[in-house]
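A single chain comes next, written as structure tokens; it is the form predicted alone.
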């Protein structure tokens, strides 16, 4: 049957946070070393203070909203003071979880540390999101880090920051208290992590209250199971029962967190050599992100008004069998992966009232990266192009979009697969609709119905005639960029667009 999208511009969901299109960079494989940082003595690519500028230029063009660092699993064995000060004096340490480069070299040089990361963020005009070590560190170490980054007082730590070339505070807003603390971040039971979270957040929140009022937001680590999340919130709540309460301004335990994070990876077959059936199964498995968000939102609403705590999906994306620790988690990034990312954004737009941030894993060279590099070049992946297209939704108000399309069904999967995925948003005098055709080989004629106050459509298409298994290289990356596509007017607010197989379109309507 022909597919249709009915957009109800008067049925608002909520504002789409810019931070939904966020990113994640870990000291893993060639993400930092080789992808972002090559050092000041490397003359193979243009650099500025050791940061490779071809990567920076691609990220600047993407208008990145937020970048999470230094992990990931790496964060909970990372001690930030190892990575500040003169580089020749910084200690070499273990990288407990990940090899650097493509070889099994579990060493961290600490050449790229806090000041280098925050300089990178300034270069690409993005907000930093720092992940605090809970698994193997102390609240004192975390508190010192936030003081080093954010304080404008005259203290030993702020003088050190000035000596390191940064007299003014960095004003870092987002602070994650631990990462996957149910796993590599300490293997805490949920009640144990709640105790640790409360302990760390108590001190960091004190900084927020008294030294740098109201400028920071704290993120708790969640899980994809209801039982873990419920036990965390129950313990966090109970642990305040005998405290001083509002007498000393502590108030509710939920004053200690602003966001709650979940992670979701998915795969179906190999990265580029997958069957036709596996092509579709990937979309069914990506759909589980919707379940993760919905169940976390339901748990949060039991304990606190839902709007008080946002949900962050701060690691998400494809993780194919080819991406292993001994190759730095590198994989081919295909059009299929990009189509899956488009579907995830549609999920998040539909839940704009609860999703406050998302961070795809990872920015450069690792997993579902947006940028890949070699020793001489940096280039954009198909997923980069989806981010570029979808950021036209950024800051708009998500509106209801009802999709009617054929589906693929798999008995053993939790979700079926609509062959068309879509979402819509309203901005200043514009309506923006994105839609992807997941069919491997069939063009889909899609009818788009909008409010009659909108018209004058203009459209772009990604990946026309590329095919689901195609991926970008240094030589062909430009072939994955957007082209114009015709959008035909029918009548009474209805328009049609022929969406090629395995492609994504964006259509802008104006008043």
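Positions refer to the first chain, counted from 1. Quick caveat, the model's predicted, so the values are computed rather than measured.
Another form exists, predicted together with ligand AHR; not displayed. Remarks below refer to it.
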property	result
Selected contact from 188, 319, 303, 218, since only one has a non-hydrogen atom within 4.5 angstroms of ligand AHR in the predicted complex	319
Contact residue in the predicted complex, chosen from 233, 260, 98, 117 - any heavy atom within 4.5 Å of ligand AHR	98
Joint contact, 72, 329 and 367 to ligand AHR in the predicted complex, by non-hydrogen atom at 4.5 Å	yes
Partner-facing stretch of 172 to 180, 282 to 290, 397 to 405, 82 to 90, counted where any non-hydrogen atom is within 4.5 angstroms of ligand AHR in the predicted complex	172 to 180
Proximity of residue 265 to ligand AHR in the predicted complex, heavy atoms at 4.5 Å	yes
4.5 angstroms heavy atom contact with ligand AHR in the predicted complex for residue 28	yes
Any non-hydrogen atom of residue 271 within 4.5 angstroms of ligand AHR in the predicted complex	no
Residue contact check: residue 24 to ligand AHR in the predicted complex, 4.5 Å heavy atom	yes
Stretch 340 to 373: residues contacting ligand AHR in the predicted complex, 4.5 Å heavy atom cut-off	361, 362, 367
